[in-house]
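What follows is a single chain, given as structure tokens, in the form predicted on its own.
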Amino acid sequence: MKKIFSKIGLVGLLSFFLIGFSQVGMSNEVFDLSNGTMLLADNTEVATAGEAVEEAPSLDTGDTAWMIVATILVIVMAIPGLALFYGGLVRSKNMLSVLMQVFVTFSLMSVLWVIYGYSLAFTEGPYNTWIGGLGAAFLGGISGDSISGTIPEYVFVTFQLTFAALTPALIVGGFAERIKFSGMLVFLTLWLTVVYLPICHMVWGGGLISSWGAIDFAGGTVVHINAGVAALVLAICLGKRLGYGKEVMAPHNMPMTMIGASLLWAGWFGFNVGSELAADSTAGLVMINTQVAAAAGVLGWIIMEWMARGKPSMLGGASGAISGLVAITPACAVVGPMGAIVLGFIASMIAYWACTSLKKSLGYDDSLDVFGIHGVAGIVGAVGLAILMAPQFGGVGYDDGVTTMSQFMIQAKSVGFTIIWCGVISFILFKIVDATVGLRVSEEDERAGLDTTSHGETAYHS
């Protein structure tokens, strides 16, 4: 198994698979993901090939209210949830720098999403296999009366905005304590544009990966594998922190990390349940699956830690919860509660191995284990769902003509494609940004701590 995961973790760096995209056309067609049709900017429904024109969808106030709450929950996941989780894990001299990186990244990506991100991810374009169009750039053609499924389109735009803003923020943990703030912002801007948006479109916007029949309900490939692979690439390319492996780099505030993990856990219900885009029976299934997978993740991690170290830790419990949540994210609408428990339990155990044995053997410094938790647990969830969605395991079953093996191969294909796309392009972006703006701070600044050298302030005063 060690060899298998080693190959998976390195494939993004060993393969060269870069597909360029350009956009020359304009379109005012916007996908309505709830029923597979398209809506023009004035909400006139356009029938897909071979289908009769149906009555335009109507607003559902219950769905709308829930989606507003779900969107807020995802924001809480990032700020303050992710920021506090990461902040507690670094040394005190770098705490504010990590909070700043997450806070500003989330803000920058939110603005870019409105300017062009939503349009490229969720509208049609001349290169629709890979990327959408610019018909909804600056949210042109969308108004307060525009509807996506049964909710206002502005609500759908904002909900998806939180995913696009959170994913780059996750990458921050891979290069914590040694990144130049300006270089990070340039890199993540480019990364959102040429990595996240194409993958998002290919999975959720009617592009290539969705045409394969791949299942990713709430972001196993789009969010977690994407972020995990990018974090691994940056960690390797930047090099290890000064003193890594020789100096103590223990988390400076575990209660803060515990609070952050708890906020992530609570906010994840918005992330997963909200992805149903409705308050219905499937949302109920997603809800219980999310809860039990996280709980099983805690148990799986601390059992591994207990056996390996003799003592279970609070950091282990928090890491296990996140691993379970990551694993259930792509699978939460297709597996049953018992399948969710199995998935969370197994994924956290494999993530523990990745964050300890694999990381040590390969020698990379992924500061806060973004690849080990998000990347590896995301892979386990994305491929494991193909097995656990079978009716005999309590899952929803397969479409006609699909078997466990065929779905497994589809899932593996989508995971492999995402790893290669993200890994190769992230490496190229690193080289470009490092050669122009620069990405690593000086040794003097790194030793002093990024709080004072990058931001001129400190978290604690003696």
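The numbering used is simple: start at 1 and walk along the sequence shown. Computed from a predicted model, the values in this text were never measured in an experiment.
From this point on, the text means the form predicted together with another copy of the chain, which you will not see here.
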{"item": "One residue of 164, 185, 333, 134 in contact with another copy of the chain, assessed in the model of the complex (non-hydrogen atom, 4.5 angstroms)", "value": "185"}
{"item": "Single option in 194, 99, 358, 350 placed near another copy of the chain in the model of the complex, where near means a heavy atom within 4.5 Å", "value": "99"}
{"item": "Contact of residue 382 with another copy of the chain in the model of the complex (heavy atom, 4.5 Å)", "value": "no"}
{"item": "Interface membership of residue 79, another copy of the chain in the model of the complex, 4.5 Å heavy atom rule", "value": "yes"}
{"item": "Distance check, residue 154 to another copy of the chain in the model of the complex, heavy atom within 4.5 Å", "value": "yes"}
{"item": "Partner proximity in the model of the complex: residue 111 to another copy of the chain, non-hydrogen atom cutoff 4.5 Å", "value": "yes"}
{"item": "Among 261-269, 231-239, 194-202, 215-223, the region lying within 4.5 Å of another copy of the chain in the model of the complex by heavy atom distance", "value": "261-269"}
{"item": "Residues within stretch 63-79 having a non-hydrogen atom within 4.5 Å of another copy of the chain in the model of the complex", "value": "63, 64, 65, 66, 68, 69, 71, 72, 73, 75, 76, 79"}
